[in-house]
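So this first bit is one chain, no partners, the form predicted alone, shown in structure tokens.
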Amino acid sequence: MTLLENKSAEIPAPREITTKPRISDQIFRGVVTLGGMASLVILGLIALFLSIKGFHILSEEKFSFITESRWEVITDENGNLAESNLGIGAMLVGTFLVSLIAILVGVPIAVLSALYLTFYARGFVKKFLISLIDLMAAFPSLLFGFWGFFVFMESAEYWAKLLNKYFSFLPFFDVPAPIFERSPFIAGLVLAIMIIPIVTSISREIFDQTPLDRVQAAYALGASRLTMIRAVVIPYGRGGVVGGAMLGLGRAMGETVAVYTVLNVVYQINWQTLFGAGGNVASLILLKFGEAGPYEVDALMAAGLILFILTLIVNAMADLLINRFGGKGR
């Protein structure tokens, strides 16, 4: 036997290369997939329940359920339905108005707070503030509502009077009567304080992921910290900021107890943000559910279905905005 034959006999068999995942990876993938599918199933069941309960109301009231601003259910002496005039137009306007105030006030503060925590705060101060913001994000809305009613209301009324005094030439800051308490302006500020921790946490996580080489390259070119933030961090994290803002908008649109506590629920369209009248769809459901009959309960479920659809639209818009403006910087 030659030397070449001996070497060929000692060569081991080629190792089989496979892409089959390990058992632990398969189990983990199954658990994650099951959790994700469970969320979709629960969401679908909620949509199905609201549709079953409220679709006949939408069929009977038609488009007036969205455009009208009345909520009247008249029953006879036997408790049977005699007449109904149902519409959530004013509540939809109030929902958008209060949520818009919350976004305009809360998002800039949240982004600035995230930038401070990421690039300026150090040591114990940074750890303490991050823990505090994460804790505030978990506070129940009832606490925000009570705080807004008993503590924040007086200061917010003073700010509303100042806005009315100096900017009453703008339609949004004009009031038909000097009633400033429990207004959409105050409700929007309370919601802004509620969404600041959420948007701040998301924005801070995005800013923390800014590539270090880009940051160091900006400093190497002589950029100051502010210039580096403007040229590198903001372009890189704008998609996450938009996503966090939309998440905050979704919570503001669906908030119930906090808005109900600090806002007068009135069934008329009110564009004057400083005037003490308004409402949103969630507060309408909370106000009417306890005393509602079977038909009115179905109408409230229809209102919940409309709010559910609006929330899905907001999430879809968030995806579009992230895809449009979510580039990773230059």
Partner chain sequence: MTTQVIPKPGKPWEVSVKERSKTGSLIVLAAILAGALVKLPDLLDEAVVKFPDFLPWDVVKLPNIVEALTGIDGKLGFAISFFLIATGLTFFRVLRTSDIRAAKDTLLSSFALLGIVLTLIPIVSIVTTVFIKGYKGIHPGLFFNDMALNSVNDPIKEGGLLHALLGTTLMVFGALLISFPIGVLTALYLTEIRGKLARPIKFLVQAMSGVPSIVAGLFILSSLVYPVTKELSGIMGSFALTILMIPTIARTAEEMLRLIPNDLREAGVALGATQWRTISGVVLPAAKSGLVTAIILGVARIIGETAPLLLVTGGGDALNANPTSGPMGSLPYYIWKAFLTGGTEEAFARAWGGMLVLLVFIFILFGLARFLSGRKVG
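Keep in mind that what you see is a predicted model, and the values were worked out from it rather than measured. Residue numbers count along the first chain shown, from 1.
Omitted from view is the form predicted together with the partner chain, to which the following refers.
Peer 1: Tell me which of 167 to 175, 207 to 215, 115 to 123, 88 to 96 has residues with heavy atoms within 4.5 angstroms of the partner chain in the predicted bound form?
Peer 2: It is the stretch 115 to 123.
Peer 1: Is S39 close enough to touch the partner chain in the predicted bound form, meaning at least one heavy atom pair within 4.5 Å?
Peer 2: Contact check for S39: yes, within 4.5 Å of the partner chain in the predicted bound form.
Peer 1: Using the partner position in the predicted bound form, report whether S131 sits within 4.5 Å of the partner chain, counting heavy atoms only.
Peer 2: Judged by the heavy-atom cut-off of 4.5 Å, S131 is in contact with the partner chain in the predicted bound form.
Peer 1: Is I66 part of the interface with the partner chain in the predicted bound form - any heavy atom within 4.5 Å?
Peer 2: I66: no, not in contact with the partner chain in the predicted bound form.
Peer 1: Does any heavy atom of K20 come within 4.5 Å of a heavy atom of the partner chain in the predicted bound form?
Peer 2: K20: no contact with the partner chain in the predicted bound form.
Peer 1: Tell me whether A138, A282 and I285, taken together, all sit within 4.5 Å of the partner chain in the predicted bound form, counting heavy atoms only.
Peer 2: Heavy-atom distance to the partner chain in the predicted bound form: all three under 4.5 Å.
Peer 1: At a 4.5 angstroms cut-off on non-hydrogen atoms, which residues of 27 to 51 are near the partner chain in the predicted bound form? List them in order.
Peer 2: Stretch hits, in order: F28, R29, V31, V32, T33, G35, G36, M37, A38, S39, L40, I42, L43, L45, I46, F49, L50.
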